[in-house]
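Quick heads-up: it's one chain on its own, the form predicted alone, in structure tokens.
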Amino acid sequence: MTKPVIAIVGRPNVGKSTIFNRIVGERVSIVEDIPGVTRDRIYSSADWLAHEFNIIDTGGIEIGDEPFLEQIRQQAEIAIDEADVIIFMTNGREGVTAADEQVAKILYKTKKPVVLAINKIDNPDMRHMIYDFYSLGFGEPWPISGSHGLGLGDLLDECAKHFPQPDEEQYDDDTIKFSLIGRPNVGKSSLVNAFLGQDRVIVSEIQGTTRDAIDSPYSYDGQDYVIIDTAGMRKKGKVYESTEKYSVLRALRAIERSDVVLVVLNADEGIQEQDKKIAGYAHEAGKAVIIVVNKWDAIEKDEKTMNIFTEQIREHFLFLDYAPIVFVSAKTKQRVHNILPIIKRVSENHAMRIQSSILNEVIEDSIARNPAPTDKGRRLRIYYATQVAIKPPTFVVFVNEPEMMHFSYERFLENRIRETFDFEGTPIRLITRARD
């Protein structure tokens, strides 16, 4: 099910990022702890009361060296494309400016709901400043204060009224949904065509949900698959391909709906910083991951090249040490046929359940090999563990004092679980809880 999307739009310096961070809260992502992966804070998930949603700060999307007004125009158009609800933000202290009117003109074109937020109304005595903003033509202005966190509840209540009805998933549970993500021009589209072009039964092209990702369902070897094709791959517009952050935004949409994510690298260009960021999002979303090195035909190689490239991938993608790596060429179709069986295998691992009795034998054996840590004479006691979720497999370990579970010991337990059961291709999560 796809979460609704809110986009924050407005001219510069009205406080979009402050409001974004307030709504998102300081969510520390898993990936931030991994060396070499930095996070662009332009897209995040958040929740308000019973609603989960994604939120975009369009101010973080800088579009080349475009002049100022052109930047704002393109950011607003991205919001119109991507969002279910748009928060149009202005600065109450400065009144309605010409730039606000420019943004308003662009937003008149959309049929999407626009909620007008007047920032920097820091106390009730300033409420009279909001009335000028009725002239923008978006109905009631909502006074808020980013610096004090005032008015955000009312603003989000108003946004939530306009959220679309949840999409019903239109595929069976047995159908494996996968997507290809990666930087522009790593060959995602040609890989999709290579999949679909190989004597497959192409069922049809269904317009996937309202989000304009185009889904291609087909069957191979008795298994139903759906390729969730990020529409960004189809749109060749300047903004869509040239803006790295925007291509990430598109990838995130596809990741959300996928069981398995293929992180596509370009062998010709080697590993780039952006590859790590995009892969980090898939890992953080808890999806099964396969690393696909495309354009393998384009590089000079000898018998050691593949091993060297594999080592480089392992070094750069420390957090994806569980992901299998496939070297392919969409152009010559080399090894493309190997990908589907791997997708099927990692999808099964991603949904695997382990019996508690067997899991606890592994945990007990692990403690016997490497006793739990002590701290100031106290020892961590592990009572039992149980699996509480799949996709990704998630285990709760009940202990006497959770704060004594050191990261390195948790890693040791995870490695022991991986050695015993085949979790290739899927992240696994360990949660430490105190026993009641």
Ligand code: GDP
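Counting begins at 1, following the sequence as shown. The structure presented is a predicted model; accordingly, all values stated were derived computationally and were not measured.
Not on display, but discussed next: the form predicted in complex with the ligand.
*Asks:* Using a 4.5 Å heavy atom cut-off, state whether K331 contacts the ligand in the predicted complex.
*Replies:* Flag for K331 set to yes.
*Asks:* Looking in the predicted complex, any heavy atom of P184 within 4.5 Å of the ligand?
*Replies:* P184: yes, in contact with the ligand in the predicted complex.
*Asks:* Does any heavy atom of N13 come within 4.5 Å of a heavy atom of the ligand in the predicted complex?
*Replies:* Flag for N13 set to yes.
*Asks:* Do H162 and the ligand share at least one heavy atom pair within 4.5 Å in the predicted complex?
*Replies:* No, H162 is distant from the partner.
*Asks:* Taking 4.5 angstroms as the heavy atom distance cut-off, pick the stretch from 340-348, 297-305, 314-322, 252-260 that is near the ligand in the predicted complex.
*Replies:* Only one stretch passes the 4.5 Å heavy-atom test: 297-305.
*Asks:* When you measure heavy atoms, are E364, N400 and R433 every one within 4.5 angstroms of the ligand in the predicted complex?
*Replies:* No, none of the three is in contact.
*Asks:* Within 4.5 Å, heavy atoms only, which of P141, G146, G280, G92 is in contact with the ligand in the predicted complex?
*Replies:* After the contact test, the surviving option is G146.
*Asks:* From the list T175, S189, Q102, N360, which entry has a heavy atom within 4.5 Å of the ligand in the predicted complex?
*Replies:* Checked against the cut-off, the match is S189.
*Asks:* For the stretch 90-128, return the residues whose heavy atoms include at least one within 4.5 Å of the ligand in the predicted complex, in the order they occur.
*Replies:* R93, N119, K120, D122, in sequence order.
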